[in-house]
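So this first bit is one chain, no partners, the form predicted on its own, shown in structure tokens.
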């Protein structure tokens, strides 16, 4: 349930606009959105909420009440530049969105805002795209403008590239903005065509946040993308979609060990997405489990973006066996920490969650943040007049 009421606590008056934006998990198709591949994400029932109201002098004041963000900030419309101070880096996602709307000819009135919610930052659940998309909806409401889902996602992606310094693909922004309850989003990142794929009604998603925080702006993410670009250049190909696994294998000497492994992941993961979607629709649990495990192992070994905490959780999940209702697990998100996602029969979700918490605590001496969720709708504006005040 989306909670509101933080704006009035901070500013003593109700907001005039409220946007709620979910996080997302990616069921399969990791690190191939920026390579023009297919992906299959779903929005989850953890949200960032932005409550806002215009200011009289046109300035901006933003209070990050959500955990793991940074300091409050005040700035003017002529101060939409990149922040380098660690306590203000979170602000790059907002000022980037404001600058991109300005460049599109949409001037935003100044506003006060409070950001809060239960979506953790740095957990591989796309808090950055959730933040961008929520602020984009606030900007559009205050500026009396409206972009469609694809145009808004592209604007938020540009903001992340140019101001936050993360060369992300388009998956996160579209998953956050265009998701549909009880469905995954089968997205072709080459032409941005997408369709909603029903998820079996008896399935739940169990998400476990390792607590190992990552920043995609720190370089590992960019390095993987650059590796893939170098591999394509050596292969003389414009896209991994042109290549079959056998072609990559035959080019091992040409590519060298590292680039060969990067290319093998990209081609293999692109192939896995279509087969996974078909297996899910057909109720082929054995293939679903195998493809999720193959995907995790490829991210661990070929792309080298996993970590011991993620690997522990995946192995613990598969130790349960299919008879317990567990279908499959893997890391989700950009990696270098973050979360795992497990598909499980809904009635078996509490037991799997408890098992993963116990296994993780035994290995690392602390309890992870774990929760079960279903797929939910994408980002939306809430009707202000119907917002409940949790203090009453």
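From a predicted model like this one, the values you see are computed outputs, not experimental measurements. Residue numbers count along the first chain shown, from 1.
Keep in mind that the form predicted together with a small molecule is not shown, yet the notes after this line are about it.
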Checklist entry - Going by heavy atoms within 4.5 Å, which of 79-87, 100-108, 272-280, 166-174 lines up against the small molecule in the predicted bound form? => result 166-174
Next on the checklist: If we define contact as a non-hydrogen atom of the residue within 4.5 angstroms of the partner, is residue 30 a contact of the small molecule in the predicted bound form?
Outcome noted: yes
Next on the checklist: So, residue 334 and the small molecule: in the predicted bound form, are they within 4.5 Å at any heavy atom pair?
Outcome noted: yes
Next on the checklist: My question is simply whether residue 221 lines the interface with the small molecule in the predicted bound form - judged by any non-hydrogen atom within 4.5 Å.
Outcome noted: yes
Next on the checklist: Taking any heavy atom pair closer than or equal to 4.5 Å as contact, tell me whether residue 364 reaches the small molecule in the predicted bound form.
Outcome noted: no
